[in-house]
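One chain comes next, on its own, written as structure tokens: the form predicted on its own.
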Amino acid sequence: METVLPVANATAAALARVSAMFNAPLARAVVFGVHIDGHLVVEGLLIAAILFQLSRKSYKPPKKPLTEREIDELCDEWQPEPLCPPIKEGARIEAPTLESAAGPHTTVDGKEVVNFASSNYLGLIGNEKIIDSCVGSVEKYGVGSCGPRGFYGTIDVHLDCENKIANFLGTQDSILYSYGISTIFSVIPAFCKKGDIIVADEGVHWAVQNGLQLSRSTVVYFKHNDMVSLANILEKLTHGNKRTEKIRRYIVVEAIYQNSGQIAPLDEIVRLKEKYRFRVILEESHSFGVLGKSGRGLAEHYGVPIEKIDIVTAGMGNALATDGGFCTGSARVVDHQRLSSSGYVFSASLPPYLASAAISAVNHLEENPSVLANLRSNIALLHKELSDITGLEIASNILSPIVFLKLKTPTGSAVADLELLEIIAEKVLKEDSVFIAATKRSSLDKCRLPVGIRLFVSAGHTESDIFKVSESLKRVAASVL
């Protein structure tokens, strides 16, 4: 380009002088009866010159190959980009190590502790009947399935478990997933696609957030557990909008919110769903086996017919003390997932002994409904004992097995708040042998709710366990806050 510009400038100057001559009266000619002015000739020549210059090959100096020494120097200077960003100070997680079953009492780093950090709501970890069913299943089927459900990974115990859950909840059918957290973020993208509208609570946990992102739908968040905010958003989206009437619309909520312990008002949500013609996806990982007269979840708790909830999902790693998850609903909802849900289609199926454990856990719940009374009694007692704790306040519902404590006076920084809460949790464990957990969140978690301390209450806890954690928290909070 450096050689082209001077040549082009010189050519333009020469053509300008020639143009002056051609524009003289004698510069006119008649060709085949057509008058041709001189400036037309000049413009033609100019175009030809430009095309000639553009068509020329640019000059390139001959390449000189690098010597071995130069190559070695370049290799020594090269620094690869890191695979991941450096870990910031304070971001490292040094989690306590459990050395026994995560029951109401467990062993952490060689010390026996009272455990309020595991979501063993019905106290079924260590239940002898469940263990016996697992042993029998391992002896019969082995440990793993070695194949997805659609490719020789379906075992009869999987079908038994799906039927058991569907019959227990009163739905047409259910489908098992291999991993609890993958259930909801596989189900949402299986039904919600690009162009659809999802209205979700701003307090949903990370697995739900991931499902919303994978769906590529348009997501609108409403204020946490605020039905006025939900109603306003639904009205805004649908009022006078003919386009909205032609696309799929969903409301996504948790029955018991993992990030707050609040319970979703399902009766009001169903009313709004029917008014604005939305579908409801309900995540029940922390309410299945806990809420309702017989532990059938949020629908039973509010007396809402299960048919009015379009899609229900839950992980089985909480109340049932096993692993995996399930989705339940109509036969069409379940059948669609068997070909369209990534977590079901591409994952090896749930190990048979875990399906056997889930069946035994549901049987135990049906045969021993008093376990729910024990759980609710423990929750109520803990609420009472922590009602006057210094610097903290209970944010969770009285029926939630997640007793969520947040700072009465936040510092204004989530990082600083979490540091205070972690100090409390560490001191309680170190000084009083009580195992509790602060709500650490990944950088991927976009939850907008305040951080806090989660206490997971179990039907297996005794009154002395409740008193011990209450007294320890009161003492430590008073010294820290």
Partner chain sequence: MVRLPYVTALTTLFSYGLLFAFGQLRDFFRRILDAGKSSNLKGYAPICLGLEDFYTRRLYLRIQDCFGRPIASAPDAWFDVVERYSNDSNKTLHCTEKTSKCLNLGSYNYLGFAAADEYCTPQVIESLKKYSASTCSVRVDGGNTKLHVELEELVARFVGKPAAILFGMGYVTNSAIIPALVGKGGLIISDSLNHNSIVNGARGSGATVRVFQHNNPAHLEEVLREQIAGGQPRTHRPWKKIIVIVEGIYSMEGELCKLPEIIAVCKKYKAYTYLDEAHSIGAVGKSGRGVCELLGVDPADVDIMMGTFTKSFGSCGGYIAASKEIIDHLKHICPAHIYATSMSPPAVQQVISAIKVILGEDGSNRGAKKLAQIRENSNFFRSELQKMGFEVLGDNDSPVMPIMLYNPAKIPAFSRECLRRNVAVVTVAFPATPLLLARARICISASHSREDLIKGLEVISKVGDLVGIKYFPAEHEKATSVEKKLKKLHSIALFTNTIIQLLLLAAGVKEES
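Numbering follows the first chain given and starts at 1. Quantities reported herein were computed from a predicted structural model and do not represent experimental measurements.
There is another form of this protein, the form predicted together with the partner chain, and it is not shown here; the text below is about that form.
*Asks:* Would you mind picking the one in Phe222, Phe404, Phe168, Phe185 that has a heavy atom within 4.5 Å of the partner chain in the predicted bound form?
*Replies:* Result of the distance check: Phe185.
*Asks:* Counting non-hydrogen atoms within 4.5 angstroms of the partner chain in the predicted bound form, say which of Pro305, Pro82, Gly195, Pro369 makes the cut.
*Replies:* Going through each option in turn, the one that passes is Pro82.
*Asks:* With a cut-off of 4.5 Å between heavy atoms, is Asn374 one of the residues that contacts the partner chain in the predicted bound form?
*Replies:* Output for Asn374 is no: heavy atoms all beyond 4.5 Å of the partner chain.
*Asks:* Does any part of Lys440 reach within 4.5 Å of the partner chain in the predicted bound form? Heavy atoms only, please.
*Replies:* Contact check for Lys440: yes, within 4.5 Å of the partner chain in the predicted bound form.
*Asks:* Does the partner chain get within 4.5 angstroms of any non-hydrogen atom of Thr218 in the predicted bound form?
*Replies:* Taking the distances in the predicted bound form, the answer for Thr218 is no, it never comes within 4.5 Å of the partner chain.
*Asks:* Under a 4.5 Å heavy atom criterion, is Glu235 part of the interface with the partner chain in the predicted bound form?
*Replies:* Contact with the partner chain, no.
*Asks:* Using heavy atoms only and a 4.5 Å cut-off, decide whether all three of Ile87, Gly343 and Pro351 touch the partner chain in the predicted bound form.
*Replies:* Yes: Ile87, Gly343 and Pro351 each sit within 4.5 Å of the partner chain in the predicted bound form.
*Asks:* Among 287 to 295, 153 to 161, 224 to 232, 394 to 402, which stretch sits within 4.5 Å of the partner chain in the predicted bound form, heavy atoms only?
*Replies:* Heavy atoms within 4.5 Å of the partner chain in the predicted bound form occur in 153 to 161.
*Asks:* Output the sequence-ordered list of residues from 100 to 137 with at least one heavy atom within 4.5 Å of the partner chain in the predicted bound form.
*Replies:* Heavy-atom contacts within 4.5 Å come from Ser100, Ala101, Ala102, Ala117, Ser118, Ser119, Asn120, Ile125, Gly126, Ile131, Cys134, Val135.
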